[in-house]
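Below, in structure tokens: the form predicted on its own, a single chain.
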């Protein structure tokens, strides 16, 4: 454990994480002392899909990273709703492993989903990641606790791109394979005004970390003027309402032909940038960017405390860190 920090006795959050308070009497953090959150049942997803299927070219825009969670979610979704027309989008951030690309394409063929590899200007993208690495306190505190500055930047861009595709195709559903540790909202309903607000918020966050040329990374302004004012969509996170078991999900994916990329990263099965993002975040803020999410999985009974501790205490690959740093042209200070 870094610096002999005191960890919550139930999950893995420690006393050095901003906002975390450990009760001296119980040894528990405030989250473990709260009542568990009750999430909606799968019937609501069924109602949402029944009300949206078959009206447009695509019923759903799906974020497909090529990692095990997204591949499993795509496969399970199609098993439950075989006629669902899905545009599966793999965002190429310049650091996606070849195995992750092959995994994504394999599961698209298997589920008869339309595969789309999407990227943006590589210079602008690399600049955004470099600014994120060099910035401090650009993102709000709650964002910095839940993810690294680099991951917040990348995920923010992915959301903008997928929402843009939903506007183009008038798709009523955007699906992410976020785990119960990564979000607490199974469904987020968005109308045109809230999508505009979402764009403006992310633009301000990009500017806060020093990204000035950011239009390429945001939802196109022209799209917002071309869509009917009454347009609405739902952002769904199905893993929050299904039985989430990391080991079972991984084994099911392997049985279906998913290959485990040997990245030397305990926290990612698709991205070559992740190890550097973690290292950069720990050095800037002294906290592991996955601890908050893993702690939530422990509290929900989805992961053992020992497995979570093993993940956050695992050594990071010097090779991956050096590779990402060199590719982003970041000079050590």
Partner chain sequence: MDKIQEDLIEYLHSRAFLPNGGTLRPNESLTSAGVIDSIGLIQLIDYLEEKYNLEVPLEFITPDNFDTLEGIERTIRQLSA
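Numbering follows the first chain given and starts at 1. Predicted, not measured: the structure shown is a model, and the values here were computed from it.
From this point on, the text means the form predicted together with the partner chain, which you will not see here.
Although the partner is absent from this view, residue 190 contacts the partner chain in the predicted complex, with a non-hydrogen atom inside 4.5 angstroms. Remark: residue 31 counts among the residues lining the partner chain in the predicted complex, judged by a heavy atom distance of 4.5 Å or less. Taking non-hydrogen atoms only, residue 145 approaches the partner chain to within 4.5 angstroms in the predicted complex. In the predicted complex, the partner chain sits beyond 4.5 Å of every heavy atom of residue 210.
For the three marked residues, 72, 246 and 257, no heavy atom of any sits within 4.5 Å of the partner chain in the predicted complex. Only one listed stretch (110 to 118, 73 to 81, 167 to 175, 180 to 188) carries heavy atoms within 4.5 Å of the partner chain in the predicted complex, and that stretch is 180 to 188. Shown without its partner, this chain lists 124, 99, 223, 201 as candidates; in the predicted complex, only 201 has a non-hydrogen atom within 4.5 angstroms of the partner chain. Counting a residue when any of its non-hydrogen atoms is within 4.5 Å of the partner chain in the predicted complex, the hits in 123 to 142 run 140, 141, 142.
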